[in-house]
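There is one chain below, alone, in structure tokens, taken in the form predicted on its own.
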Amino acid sequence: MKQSEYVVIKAIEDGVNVIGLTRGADTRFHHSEKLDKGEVMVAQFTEHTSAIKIRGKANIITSFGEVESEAKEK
């Protein structure tokens, strides 16, 4: 079995959206979660998930390093 990449997402504010996007000819949303401040989600890239979109202020940790997403300006 092939090892899949994991991503750790920690919400820095309430209402962070984590959206899984499908693989294939047509990219579509296939899963969505909402995290509140302090909540942590461990996500995995799979044969069905090719991308993960994060909306809101969060820490994202991968094997490539760490990045912080920015909050949407109001």
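Quick caveat: nothing in here was measured; it's all calculated off a predicted structure. Heads up: residue numbers just count along the shown sequence, starting at 1.
In what follows, reference is made to the form predicted in complex with tryptophan, a form of this protein that is not presented.
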| query | finding |
| --- | --- |
| Whether 20, 41 and 52 all lie within 4.5 angstroms of tryptophan in the predicted bound form by heavy atom | yes |
| Residue 37, heavy atom within 4.5 angstroms of tryptophan in the predicted bound form | no |
| Partner proximity in the predicted bound form: residue 46 to tryptophan, non-hydrogen atom cutoff 4.5 Å | yes |
| Within 24 to 41, the residues that have a heavy atom no more than 4.5 Å from tryptophan in the predicted bound form | 30, 31, 41 |
